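The form predicted alone is given below as one chain in structure tokens.
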Amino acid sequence: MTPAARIAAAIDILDAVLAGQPAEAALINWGRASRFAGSKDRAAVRDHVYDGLRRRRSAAALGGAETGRGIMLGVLRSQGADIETIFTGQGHAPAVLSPADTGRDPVGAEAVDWPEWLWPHLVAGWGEDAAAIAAAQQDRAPVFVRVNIARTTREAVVASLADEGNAAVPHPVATALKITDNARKLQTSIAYDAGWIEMQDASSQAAIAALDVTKGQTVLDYCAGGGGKSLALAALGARVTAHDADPRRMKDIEPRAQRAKTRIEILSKVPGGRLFDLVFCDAPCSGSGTWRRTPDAKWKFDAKRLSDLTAIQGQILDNVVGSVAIGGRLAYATCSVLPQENQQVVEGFVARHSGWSVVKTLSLRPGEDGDGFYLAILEHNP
């Protein structure tokens, strides 16, 4: 495919997303219908689509319309591309430019690609930093891996990856490496196959480090999902039990644990009693700290979903409080940057449960060092 044909394909996929298809489904459908496209073509088209979704509102303004064509025009204009050499109408290239393709400068929340209704909430939580936080979601996220320090060292992993053409550099978090080249080949690497690394954002790793888990502690990962944080806790020597409201989400934990040469107990129902030194709740949330990875989710998120999530988050904390051992800790985390899902949920829990107080918080904004993430650690003082 020519560069122009890739842009034309991205335009069609973006139109499908704007019509209601999930981005991944639209990309898969295009791939199945485009057997002529090679792996490099598919990767390039995917990048164009996600660049467009991250900058959907600002690009639509620059491109003259909130359509696939307008969005791609806006993205290319923001990149300083020579648009007339792409929009030629020749072969599989997009049609030539017309007066309707005239754009304007984006303004306000539109300029940083943040939903208009949600902008006041971000400002309420972050003040003058809100614009920078929203703008960080306009670009592709860096790729990080967690080194399984129970089995190897960061230095050994860097060397192993380099032998296969994957470049990595250390991150300030002791378990984290930032991948600087060939990130798409990580899951075929020797280091991955041997269980030396797992894909995990650096901010999530920073949260695990902040828990100060010690060897032998009993930990309940209450919203375990695929088990990424369960594995990280186990690598620190904790005795980890994983639970999720939907047990199907935990189907990958056992094979991942086997690859990492560790053991995680999986429970569909948490037994009664104060059994755990630490209960960790990485609660379902908007994912607003990670929207550069799932940008179509940003534009589908609405006020009702936010209200539903905050109710679920509060209920989760209420459900697990009785599982924390005497003298133990309760940790609440989200990958959200919204105060309603973070500080306000914790404040509500403290107001409902006498004797509980916050002893540590971590509030990370999205950027080159990781995604947006929030953590609060609570203790009970009767």
Partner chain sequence: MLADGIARLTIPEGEIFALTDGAGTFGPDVFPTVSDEARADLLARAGETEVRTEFNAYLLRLHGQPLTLVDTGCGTLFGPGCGRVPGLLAALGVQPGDIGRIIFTHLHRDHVGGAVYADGLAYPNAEIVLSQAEAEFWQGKDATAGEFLAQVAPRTVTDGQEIAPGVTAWMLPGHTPGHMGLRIGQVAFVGDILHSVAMQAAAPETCTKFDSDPQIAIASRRAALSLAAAQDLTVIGSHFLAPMKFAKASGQGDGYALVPVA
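Positions refer to the first chain, counted from 1. Given the structure is predicted, the values throughout are model-derived calculations rather than measurements.
One more form of this protein should be noted, the form predicted in complex with its partner chain, which is absent from this view; the next part is about it.
Just one of 239-247, 289-297, 192-200, 142-150 has residues with a heavy atom within 4.5 Å of its partner chain in the predicted complex, so point it out.
The contacting stretch is 239-247.
Between 263, 305, 185, 92, only one gets a heavy atom within 4.5 angstroms of its partner chain in the predicted complex; which residue is that?
Looking at the other structure, the residue within range turns out to be 263.
Among the candidate residues 160, 78, 218, 310, which is the single one with a non-hydrogen atom no more than 4.5 Å from its partner chain in the predicted complex?
Checked against the cut-off, the match is 218.
Do residue 251 and its partner chain come within 4.5 Å of each other in the predicted complex, heavy atoms counted?
Flag for residue 251 set to no.
Although its partner chain is absent from this view, report whether residue 86 comes within 4.5 Å of it in the predicted complex, heavy atoms only.
Contact with its partner chain, no.
Could you confirm whether residue 99 comes within 4.5 Å of its partner chain in the predicted complex, counting heavy atoms only?
Close contact is absent here: in the predicted complex, residue 99 is far from its partner chain, nothing within 4.5 Å, heavy atoms only.
Quick one: does residue 355 come within 4.5 Å of its partner chain in the predicted complex, counting heavy atoms only?
Residue-level check for residue 355: no, no contact with its partner chain.
For the heavy atom contacts within 4.5 Å of its partner chain in the predicted complex, list the residues of 262-285 involved, in sequence order.
In sequence order, 263, 265, 267, 271, 272, 273, 274, 275, 276 come within 4.5 Å of the partner.
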